[in-house]
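Just one chain is shown here, as structure tokens, and it is the form predicted on its own.
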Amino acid sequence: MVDTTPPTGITAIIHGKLLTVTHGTLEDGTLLLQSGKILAVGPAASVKVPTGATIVDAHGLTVYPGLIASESTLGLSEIASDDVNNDLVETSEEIFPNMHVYDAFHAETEHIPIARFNGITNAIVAPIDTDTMPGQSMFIQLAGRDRDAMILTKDIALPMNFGANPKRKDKFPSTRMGEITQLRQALIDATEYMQNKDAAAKKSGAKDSKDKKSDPPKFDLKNEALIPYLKGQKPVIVTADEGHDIEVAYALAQEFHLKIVLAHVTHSQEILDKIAAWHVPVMFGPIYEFPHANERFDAVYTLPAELTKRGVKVTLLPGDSGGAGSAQSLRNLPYVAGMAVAYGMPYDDALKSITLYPAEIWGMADKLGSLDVGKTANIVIANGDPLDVRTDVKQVFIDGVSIPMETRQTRLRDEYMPKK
């Protein structure tokens, strides 16, 4: 664990190339940090460094905001092949909106220092997509004095999965028809529960004593958990890979007026114009995916560019064979953005897709996602372009605290590499 109690003094990062995200690149910039926040940012000539400030010389280095992963299993799995330490999803049922990943979150996982090592400072933690409604996600910071300090928002969104992954062998739901029926019934039940609860509350507050006799429905954890989503207070993450699945899942979400974010959409080329017309953000990934038989070789690689071209707000997901947001693949997030640029996504949009755009989608844009005065001092200093695989991250600050750049891998390196 890393105690991120903000230092009282001022830290000045000087002479760095600042990628501010919101107001361009400053080739020779200065960044002042104090009390866990960005105190000042600007060209070196215009930002005065106070006497007594702790100086970090970033000459020749690149400085940018901490990266944000919009999907991960951090703290839910340590070694994928060992079931004992896997809490990726509850498999006894399919509908579990009352499950909370924070109940299983292991804050001392070795995957967190590894993710920080590549500049990732914040992440969504979510159950995997093998249930249709597997539980609520949370938003974390990748350092803190304890697990509670790392959890910034406990129940920030509800995944709703559709397509091949939630299907079950010889059990319900074993078809897409079953999945939609199951989800619709859960949403209907919760809607009736919410309406009965509201009606009971309304009558209990009525002045006419004759209307006061109305019992609220028996408390139900599942239905209760769905109320903020039915009221549009929190987003539902609609996850599907293929175009026809996305259309069906989107229609169900519309039926209940849910506030949605689309996720994965990796084989949706035929409905990109529809997605654009829906005006919803997209969590895209994994990008390292084989094309289907009817797709071009680069069909998946070019999707972020095609969505961006149509005006869709895209946040990229880390991912490889371990899954779109597995703990093991999280470190690859900046390289996913680099791959998207190689296949046509504008550089500025790619950088925003792992900084500002996820901050906006998760309601954190006033705190995270760019180098702006007043935002949380989650800062990365690297020796090159953040999207380039050849770049090494030299230092990460979280809440203005310099984080030890050490992982299990560096410890093993130091132990076993021949001493010079």
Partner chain sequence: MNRARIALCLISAAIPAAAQSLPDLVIKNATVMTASHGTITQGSVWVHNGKIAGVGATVNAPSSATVIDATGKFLTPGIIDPHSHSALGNDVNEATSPVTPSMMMIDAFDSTDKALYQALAGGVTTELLLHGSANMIGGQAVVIKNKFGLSREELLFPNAPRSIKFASGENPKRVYGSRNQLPSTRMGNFEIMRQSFEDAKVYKKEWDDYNAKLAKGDKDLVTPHRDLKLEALADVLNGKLYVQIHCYRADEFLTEEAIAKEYGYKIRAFHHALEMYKVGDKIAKDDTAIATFADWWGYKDEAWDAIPWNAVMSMRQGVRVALKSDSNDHIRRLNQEAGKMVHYGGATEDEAIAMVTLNPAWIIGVQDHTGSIDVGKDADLVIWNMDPLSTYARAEKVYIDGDLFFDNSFKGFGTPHFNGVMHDAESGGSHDGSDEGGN
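Here the structure is a predicted model, which means the values were calculated and not measured. Positions refer to the first chain, counted from 1.
A second form of this protein, the form predicted in complex with the partner chain, is not displayed here; the remarks below concern that form.
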| query | Of the residues Pro216, Pro291, Pro228, Pro346, which one places a heavy atom within 4.5 Å of the partner chain in the predicted complex? | reply | Pro291
| request: Heavy atom within 4.5 Å of the partner chain in the predicted complex: which of Phe96, Tyr250, Tyr301, Tyr102 fits that? Just give me the one. | output: Tyr301
| Might Asp28 be said to contact the partner chain in the predicted complex, defining contact as any heavy atom within 4.5 Å? | no
| query | So, in the predicted complex, is Ala365 in contact with the partner chain at a 4.5 angstroms heavy atom limit? | reply | no
| task | Using a 4.5 Å heavy atom cut-off, state whether Ile55 contacts the partner chain in the predicted complex. | result | no
| Any of the heavy atoms of Ile128 lying within 4.5 Å of the partner chain in the predicted complex? | no
| field | Site check Asn118, Glu295 and Asp388: each within 4.5 Å of the partner chain in the predicted complex by heavy atom | value | yes
| task | Select, from the options 307-315, 161-169, 104-112, 141-149, the stretch whose residues sit within 4.5 angstroms of the partner chain in the predicted complex by heavy atom distance. | result | 104-112
